[in-house]
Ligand code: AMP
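Next up is one chain by itself, shown in structure tokens, the form predicted on its own.
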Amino acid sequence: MSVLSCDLHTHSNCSDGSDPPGILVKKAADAGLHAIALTDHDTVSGLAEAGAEARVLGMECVPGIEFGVRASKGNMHILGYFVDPSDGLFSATLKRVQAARAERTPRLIKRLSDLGISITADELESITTGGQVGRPHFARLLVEKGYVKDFGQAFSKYLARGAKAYVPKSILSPDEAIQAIHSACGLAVLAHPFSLQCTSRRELEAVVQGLCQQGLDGMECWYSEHSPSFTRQCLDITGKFNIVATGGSDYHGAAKPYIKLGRGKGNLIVPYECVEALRARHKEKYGA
């Protein structure tokens, strides 16, 4: 790549990606990225391994997490960067969301069973390699067992919000997620705003403004599913509200083979300035 670039939204097999954290960092280095953030869903269990590999390779690795939160429309996720996992409120919040995730799995198995689809807890366990069970694991089994043709159909027919077997997981409000991240001396960033399904810039601005009032620090502008025009719109909004513009591919490895690390669908470049801006905001907020 001709410009310094990074990927601040990735997943390992500690949640619903396919690569172990250390391998993920090595792939990022091999891809020519100058920084990566590991942002697994509702877990920080991969951060130590990712950080250790990054130190060996002389690469920057930002410790992160991704929380799903309640939203009146669409799906809302909040990314946390530079989090300290040892913080008490942060740890307690993690335990709550992990319990909710664990409770969702048998309910989703039951919903699918009622639809004549057999997926067992043992089958799910066999493909998570020790990580947390997520909907992509269900999707993989639905494809492998011939119930659907691909991941897209698995979600649209059974797993997405409003689909036949959908079971909600998000128990946190946006404010709870932001406060937990801040308690851990982290920065809270709105992930992939296209998923909010806003129908106008005014609607998106209203959502972002409300989150800023709760302490939002940034918004993911560069993203695999964002069009160039939507990216520009997001950049304008971050400027209006004086929050940090970030970006990432949402890489999951084999779970989303059409998303490449650091490149998204092939044309994504997240400028390294995003990392510098996050570090500057972090220093401003918490000191050195």
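Just so you know, these numbers come straight off a predicted model, no measurement behind them. Residue numbers here begin at 1 and follow the sequence given.
There is another form of this protein, the form predicted together with the named molecule, and it is not shown here; the text below is about that form.
Inset, instruction - Within 4.5 Å of the named molecule in the predicted bound form, counting heavy atoms only, one of 173 to 181, 100 to 108, 115 to 123, 205 to 213 shows up; tell me which. - result: Checking each option against the 4.5 Å cut-off leaves 100 to 108.
Legend entry - Every residue of Asp16, Gly134 and Lys169 near the named molecule in the predicted bound form, heavy atom within 4.5 Å: Checking in the predicted bound form: Asp16, Gly134 and Lys169 are all within 4.5 Å of the named molecule.
Inset, instruction - Please check if Phe155 has a heavy atom lying within 4.5 Å of any heavy atom of the named molecule in the predicted bound form. - result: It does: once the named molecule is placed as it appears in the predicted bound form, Phe155 has a heavy atom within 4.5 Å of it.
Inset, instruction - Flag Lys256 as yes or no: does it have a non-hydrogen atom within 4.5 angstroms of any non-hydrogen atom of the named molecule in the predicted bound form? - result: Within the cut-off, so yes.
Legend entry - Partner contacts for 263 to 284, taking the named molecule in the predicted bound form and a 4.5 Å heavy atom cut-off: Nothing in this stretch is in contact.
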